[in-house]
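Here you get one chain, nothing else, as structure tokens; it is the form predicted on its own.
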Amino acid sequence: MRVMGVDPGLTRCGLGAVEGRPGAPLSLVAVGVVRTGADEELGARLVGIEAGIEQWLDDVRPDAVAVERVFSQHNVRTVMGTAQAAGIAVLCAARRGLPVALHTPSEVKAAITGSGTADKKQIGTMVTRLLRLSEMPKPADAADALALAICHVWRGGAQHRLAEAMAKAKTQDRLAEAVAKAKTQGRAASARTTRKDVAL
């Protein structure tokens, strides 16, 4: 499973992709950031983020995208920009029909380090160790994006398989209902034809 993680932000949008499956070693596919200037107009910044994410999706070709779930912070202006960047990431993935998962920061921290209160250095250290890298990915936004991708491989992979199984079961149920309905309609039509024959 190949997952692309997105750590949303207007100035630096962290992007990272990993490949692997639960219980097996993970491998780094790519890591980096999309940057926009603080002096740029908001619309131009969002267009820049969209173009960067689209390029990454073309290059990485992930099976799923994991985006950090935005939560309320003291700085409303910061959280608004983060939410706007997150929305762009979700839109880009959805446009391609890719499954999108939102993971909270504490969920990612717990998955990567075992503690929901880990700091960025602890996350970077564990990401470096888990992916067997020679040095910690920088900036921290890039390491956070990789942590999101790893979290989704470990946690979201099972959830995705469960969702697929449930969807398949629903499809089979609908198919069974359609077959039963067709048989019932067929018997009813046959009965009407027999009654007409008797009347003749």
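Since the model is a prediction, treat every value here as computed from it, not as a measurement. In case it trips you up, residue 1 is the first one in the sequence shown, and so on.
Keep in mind that the form predicted in complex with a further copy of the same chain is missing from the display, and what follows is about it.
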query	finding
Non-hydrogen atom within 4.5 angstroms of a further copy of the same chain in the model of the complex for each of M80, A94 and L102	yes
4.5 Å heavy atom contact, G37 to a further copy of the same chain in the model of the complex	no
Non-hydrogen atom contact I123 with a further copy of the same chain in the model of the complex at 4.5 angstroms	no
Q84: touches a further copy of the same chain in the model of the complex, heavy atom cutoff 4.5 angstroms	yes
Residue contact check: I53 to a further copy of the same chain in the model of the complex, 4.5 Å heavy atom	no
In the model of the complex, segment of 44-52, 26-34, 144-152, 129-137 with a heavy atom within 4.5 Å of a further copy of the same chain	44-52
Neighbours of a further copy of the same chain in the model of the complex among 20-40 [non-hydrogen atom within 4.5 angstroms]	none
